[in-house]
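Just the one chain here, laid out as structure tokens, in the form predicted on its own.
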């Protein structure tokens, strides 16, 4: 297809969330999946090598344009405010969910040593965690896991990109 790179760029630019290869394949039905994948890899490499204010990142199972870190202060000025932040309590519960998923509220409570009901509600509202099912035990308690939005917010391709416990300990030292 002529101008495939320009079309793929336009689609990613217009998308508010990371655009998956599957979605691109559905939109560009006359183009083979492997051709689109090669186009994406080429675009990622091109944007990585340039000194523009943004780059093309593979996050949350899709592709999305991101502002380079060194220019984020200017974007914050434009948006007139600070980026949304998560409290330490929310980050703690989110980390437990990310590393232990699927996880029960009772497990989060046990690790944190306090009730996490309100925190879990806030994380659900922010769409950083979701209900992934129910445990097959009496009472059928709810199981929680992270969302695609979690991956997007933390700039991760998938959960395997989370730092290991060893890496976290090395950072602390």
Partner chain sequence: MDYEIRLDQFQGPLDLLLFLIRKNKIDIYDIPIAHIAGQYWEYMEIIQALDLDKAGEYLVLAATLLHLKSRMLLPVPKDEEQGGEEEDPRAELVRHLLEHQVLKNVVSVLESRSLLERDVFKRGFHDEGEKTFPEGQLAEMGVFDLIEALAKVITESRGTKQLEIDLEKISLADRINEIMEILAENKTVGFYDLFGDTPITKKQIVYTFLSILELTRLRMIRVFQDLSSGVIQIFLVEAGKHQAEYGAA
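Positions refer to the first chain, counted from 1. Rigid core: the largest C-alpha set superposing within 1.5 Å between the two forms. Just so we're clear, the structure is a prediction, and the values are computed from it rather than from any experiment.
Another form exists, predicted together with its partner chain; not displayed. Remarks below refer to it.
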Response to the item:
Per contact check vs its partner chain in the predicted complex (non-hydrogen atom within 4.5 angstroms), the hit among 41-49, 135-143, 64-72, 25-33 is 64-72
Discussion item. Since only the chain is shown here, I'm wondering whether residue 153 would be in contact with its partner chain in the predicted complex (any heavy atom pair within 4.5 Å).
Written reply: yes
Item to complete: Answer yes if any heavy atom of residue 124 is within 4.5 Å of a heavy atom of its partner chain in the predicted complex; otherwise answer no.
Response: yes
Worksheet item: Closest heavy atom of residue 37 to its partner chain in the predicted complex, within 4.5 Å or not?
Response: no
Item to complete: Would you please decide whether residue 20 lies within 4.5 angstroms of its partner chain in the predicted complex, comparing each non-hydrogen atom pair?
Response: no
Item to complete: Using the arrangement in the predicted complex, list in sequence order the residues of 128-149 with any heavy atom within 4.5 angstroms of its partner chain.
Response: none
Discussion item. Given a superposition on the rigid core, I'd like a yes or no on whether residue 162 shifts its C-alpha by 2 Å or more between this form and the one not shown.
Written reply: no
Worksheet item: Taking the rigid core as the reference frame, is the Cα of residue 12 displaced by 2 Å or more between this form and the one not shown?
Response: yes
Worksheet item: When the two forms are laid on each other by their rigid core, does residue 149 show a Cα shift of 2 Å or more between this form and the one not shown?
Response: no
